[in-house]
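Shown here is one chain on its own, the form predicted on its own, set out as structure tokens.
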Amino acid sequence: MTSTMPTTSRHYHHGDLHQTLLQAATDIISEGGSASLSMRKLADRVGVSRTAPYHHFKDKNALLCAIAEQGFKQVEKFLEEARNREQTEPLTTIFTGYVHHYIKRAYQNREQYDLMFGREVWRHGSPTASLQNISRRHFKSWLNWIDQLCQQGVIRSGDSTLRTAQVCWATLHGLCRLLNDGIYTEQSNLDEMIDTAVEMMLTQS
């Protein structure tokens, strides 16, 4: 009889198991959605005992929140990288590139994006304190950037920078949802929509 080997390699240090479990769980939901994820399936995928995941994640909800946290860390890193280019590239170019990357990344990581902003965690689940904190920190980073772009005359601004940041983000999120939900699938049309959305945000294109 041929034995079935776990998809994820067993070759990891004990201290890396947390990240190994997190990556395997992310892979599972990417393949079949969050409904396909269970602590038992995760243990089998990694090749550890059925109780091992519980030493790192209290339950499935905590695991889903950790996947969402990972997503926020990644988009926060990209935002930081974008701002680090401000001394060498035009701000309009940086902002336009950021918007395109953000939306395409959301599509490439659809299940994770749904956990970051969807009902499963925020309404039907129980967002962990660390997830709430990192999501607030990321929006604050976004708000600070939009404030800077408004002050430098790059982004159209009304009376409130907060409202401007919220509406700009809602525009990005709306495009992500249309793409992720399969309403818009033609890439060329999407690129044109993104460019049009950016032009509406900019004081001049």
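Note that the structure is a prediction, hence the values are computed from the model and not measured. Heads up: residue numbers just count along the shown sequence, starting at 1.
Separately, the form predicted in complex with a further copy of the same chain exists; it is not shown, and the next lines address it.
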- Item | V48, Q70 and R137 all contacting a further copy of the same chain in the model of the complex, non-hydrogen atom within 4.5 Å | no
Discussion item. Can you tell me whether T171 touches a further copy of the same chain? I mean in the model of the complex, with a 4.5 angstroms heavy atom cut-off.
Written reply: yes
(request) State yes or no: in the model of the complex, is some non-hydrogen atom of Q19 no more than 4.5 angstroms from a non-hydrogen atom of a further copy of the same chain? (result) no
If you check in the model of the complex, is L178 within 4.5 Å of a further copy of the same chain, heavy atoms only? yes
> Does the 4.5 Å heavy atom contact test between K77 and a further copy of the same chain in the model of the complex come out positive?
Replying inline: no
In sequence order, the residues of 154-171 that place a heavy atom within 4.5 Å of a further copy of the same chain in the model of the complex are R156, R163, T164, Q166, V167, C168, W169, A170, T171
